[in-house]
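In the form predicted on its own, a lone chain appears below as structure tokens.
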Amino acid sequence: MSKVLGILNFEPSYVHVRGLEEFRPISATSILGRYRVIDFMLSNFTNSGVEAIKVFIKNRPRSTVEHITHTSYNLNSKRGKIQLLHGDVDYSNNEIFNVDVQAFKTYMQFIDVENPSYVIIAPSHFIFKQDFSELLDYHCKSKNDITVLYQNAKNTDKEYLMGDLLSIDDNKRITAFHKNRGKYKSGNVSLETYVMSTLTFKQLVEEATMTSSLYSLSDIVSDCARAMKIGAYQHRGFCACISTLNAYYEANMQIKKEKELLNLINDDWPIYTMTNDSCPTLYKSGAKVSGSIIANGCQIEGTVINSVIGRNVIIKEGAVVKDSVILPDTFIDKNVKLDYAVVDRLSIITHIKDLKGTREEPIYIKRGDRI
């Protein structure tokens, strides 16, 4: 994999994670109490033997920069490198122009320095486990111009909305791309992971730029479905697309199940993240915990049911946290009851005693809020 460049793309325009995205990219958001969303895709790269990686950051880069610079993704210290690339152009008043193709064009010289034969472009808002070396082998043997990773998914009327659905013929060739507008209950969903030669990648970037300043990589790939040989490679196993607050909540609830957790993380496929030296979680007398994942550094005095609790969270006596996701450094006072809630980090919940959302619409507590 020495001649392969991994490109971690930033989130497309259809990603809107209410509340959380105000403070960081979804890729830098805590998940499962310990990891960041970005850790899963970067670990896919490094576990697959990809040693040169470019991480593109769309907006609010601080959290991503801090996390990646303090995380060892098991790269060879001599040959391996992760480079973060944040757009120099100010799109603050013209966000619609902040698309991946424009970022690729701006930083093409940094891609050329690696002199790769192939590029693998992967999304930063998806969570799945994939050996990219197998994907590359398939691409080379099939002699595709482009190979797209996909999954045959259910509930496409509620999930993966505004992503791409693929029409695939009997020869595993993609004949058309369609935006998922929730019309069908199942379909072949693009996982927005593409393999192609560096030459093809450059040609697509140039063609997209000439076509429209608003064109993304997925747009130009879709346009080429008839003119180029675009193959499909099926992913099997757990997959989450974090494009909404509800999708973020559901990803936490699904991954914490033992079956899905083992599908994503095991000794042969570790997920690398920033280390933390917090002490073990303290469970005081009277604490009750069931069906939950609790990170280190917490102090649990109350009841936690079917929830994900981040690092250094304090839950006082009499408090009940149920079906909720609590991000790090949060304080939940005595007798507070939370149900179907996503509580952002550094929040203090003390004066109100009952906050309840629904599975379809979890309530969101803003970062650093005091309630």
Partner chain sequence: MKKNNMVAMILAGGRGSRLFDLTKKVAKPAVHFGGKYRIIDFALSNCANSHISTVGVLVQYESILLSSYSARSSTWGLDSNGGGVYVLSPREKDETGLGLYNGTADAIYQNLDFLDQEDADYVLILSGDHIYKMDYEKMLKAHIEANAEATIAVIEVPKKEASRFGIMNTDKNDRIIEFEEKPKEPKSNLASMGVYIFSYKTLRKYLKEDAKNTDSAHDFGKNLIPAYIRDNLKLQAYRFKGYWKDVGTIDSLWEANMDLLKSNSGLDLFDPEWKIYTDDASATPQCIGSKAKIDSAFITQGAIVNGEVKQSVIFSGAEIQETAKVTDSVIMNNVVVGKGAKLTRCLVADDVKIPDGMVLGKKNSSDILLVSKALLAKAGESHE
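What you see is a predicted model, and the numbers here were worked out from it, not measured in a lab. Positions refer to the first chain, counted from 1.
As for the form predicted together with the partner chain, it is not shown, yet the points below apply to it.
- Taking 113, 199, 279, 210 one by one, only a single residue has any non-hydrogen atom within 4.5 Å of the partner chain in the model of the complex, and it is 279.
- Just one of 299, 83, 203, 254 comes within 4.5 Å of the partner chain in the model of the complex, counting any heavy atom, and that one is 299.
- None of the heavy atoms of residue 227 is located within 4.5 Å of the partner chain in the model of the complex.
- Not displayed here, the partner chain is kept clear of residue 182 by more than 4.5 Å at the level of heavy atoms in the model of the complex.
- At the 4.5 Å threshold, heavy atoms of residue 107 stay clear of the partner chain in the model of the complex, well away from it.
- Among residues of the shown chain, residue 237 is not one whose heavy atoms approach the partner chain to within 4.5 Å in the model of the complex.
- Stretch-level contact check against the partner chain in the model of the complex with heavy atoms at 4.5 Å: of 99 to 107, 119 to 127, 265 to 273, 156 to 164, the positive one is 265 to 273.
- For the stretch 23 to 44, the set of residues having any non-hydrogen atom within 4.5 angstroms of the partner chain in the model of the complex comprises 32, 34, 35, in sequence order.
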